[in-house]
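In structure tokens, the next block holds one chain alone, the form predicted alone.
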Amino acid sequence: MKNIPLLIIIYLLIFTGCGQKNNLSFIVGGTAKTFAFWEKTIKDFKEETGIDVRMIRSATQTEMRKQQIFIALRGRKADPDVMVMDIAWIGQLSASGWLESLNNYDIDTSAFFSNIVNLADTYNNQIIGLPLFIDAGLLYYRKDLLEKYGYPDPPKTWGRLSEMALHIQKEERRNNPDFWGFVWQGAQYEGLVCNALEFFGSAGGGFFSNDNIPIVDSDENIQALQFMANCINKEKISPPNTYTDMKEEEARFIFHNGNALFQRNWPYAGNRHNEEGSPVKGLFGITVLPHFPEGKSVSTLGGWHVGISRHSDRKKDAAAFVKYITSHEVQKDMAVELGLNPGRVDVYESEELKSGFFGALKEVFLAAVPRPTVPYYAQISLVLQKYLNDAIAGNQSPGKALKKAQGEIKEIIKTYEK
């Protein structure tokens, strides 16, 4: 066995030799608490429908989860029938023809965020997935400090954020030299691409046009990237290690410890900031991200979606399970018990969720857009990571960096289309 690749061994262990093919199979990842939730949900589903479901616990790391699913689908195996997918995979899965259209299974999508279903879960006019739980970038701000320095509201524009951050950072550093105006994700990894999509989109730019033509080196993107670099190198409202070390947890840690005025992060950070003993518990608020004067707020969509394998031999039962786990009650329970953000708009109107942190997230998700849903997104992301990071580090101008990125992305597309 030592010469067999590890992922193939994983596939053999998980998807074969189980003697349970009569059961519907559902692959999902998460923590022990997450698995306990799904075990209970599966039990409730069986009591209601009589359908047995076997849960396959996938790997902790996102890339390993992806490989587990891709190996099975590439091999045209019937298992798993139902899968939970990272939003970044959907383009490749769809283009490969591996996802079953949900259009023929009487699944009502009207209760979900329409922007998310239309932009992320639709391929060739077919619904091929549903948002199970979602994420989107948002702005955290210190309510107490804005009030202290006479600012009645959080910033609507990036220019206003910079102005407020400069002022309050200067004043707070009289007693706290470690204080920063704005922390965000700038290290060379996927999180930087997510941040850039928000800055670019809020300037009226983006990575691709509506016709899937790359527009990486547009004037709007250059303006936005210059602002990102200025936050670190000119205005100095963001830490100098933003482009070397700053990922989600690094930014959260600074804000959590009371050392930042503004933070861009995902909703999970709010749950941590609200924990007992948190130095910022009760002192922060959340809102949509700012925009440039002629643009509008944009948040990068994250999260996990549920779909059915095209190779499933239990498609009707699989559709029934998908409808069940995306129902109002299950989505509400998922939010209450796991703190995950439902993919249904109507759940945010529930008594348990409509006030407080969950209630504030609804507007953020309405402004969310996915990363490009193209099958070659993984290669594009690596190119963007390299040149975006080089620009915010000050190693080359935003214009030159984006021009180089545009050229390499065009070559990737040419290779893919051959």
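From 1 onward, residues are counted along the sequence shown. Take the two forms, find the largest set of C-alpha atoms that superpose within 1.5 Å, and that set is the rigid core. Everything numeric here is computed off the predicted structure, so don't read it as measured data.
This next part talks about the form predicted in complex with ligand GLC, which is not shown.
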> Do residue 116 and ligand GLC come within 4.5 Å of each other in the predicted bound form, heavy atoms counted?
Replying inline: no
> With the cut-off set at 4.5 Å between non-hydrogen atoms, does residue 207 touch ligand GLC in the predicted bound form?
Replying inline: no
>> Considering non-hydrogen atoms and a 4.5 Å limit, does ligand GLC approach residue 135 in the predicted bound form?
In response: yes
>> Is residue 201 part of the interface with ligand GLC in the predicted bound form - any heavy atom within 4.5 Å?
In response: no
> Does the trio 51, 81 and 311 actually contact ligand GLC in the predicted bound form, every residue with a heavy atom within 4.5 Å?
Replying inline: no
> Which of these stretches, 302-310, 229-237, 174-182, 282-290, has heavy atoms within 4.5 Å of ligand GLC in the predicted bound form?
Replying inline: 302-310
> Looking at 105, 253, 189, 149, which is the one with a non-hydrogen atom within 4.5 Å of ligand GLC in the predicted bound form?
Replying inline: 189
> Among 73, 320, 88, 130, which has at least one heavy atom within 4.5 Å of ligand GLC in the predicted bound form?
Replying inline: 88
>> Where, within 47-75, is there a heavy atom within 4.5 Å of ligand GLC in the predicted bound form? Residue list please.
In response: 62
> Does the distance between the two CA positions of residue 187 reach 2 Å or more between this form and the one not shown, the core being superposed?
Replying inline: no
> Is residue 372 one of the residues whose C-alpha moves 2 Å or more between this form and the one not shown after the core fit?
Replying inline: no
> Any CA movement of 2 Å or more for residue 59 between this form and the one not shown, core superposed?
Replying inline: yes
>> Between the shown chain and the other structure, the Cα gap of residue 219 to residue 120 differs by 3 Å or more. Is it closer or farther in the predicted bound form?
In response: farther
> Closer or farther: how do the Cα atoms of residue 268 and residue 30 compare in the predicted bound form relative to this form, given a change of at least 3 Å?
Replying inline: closer
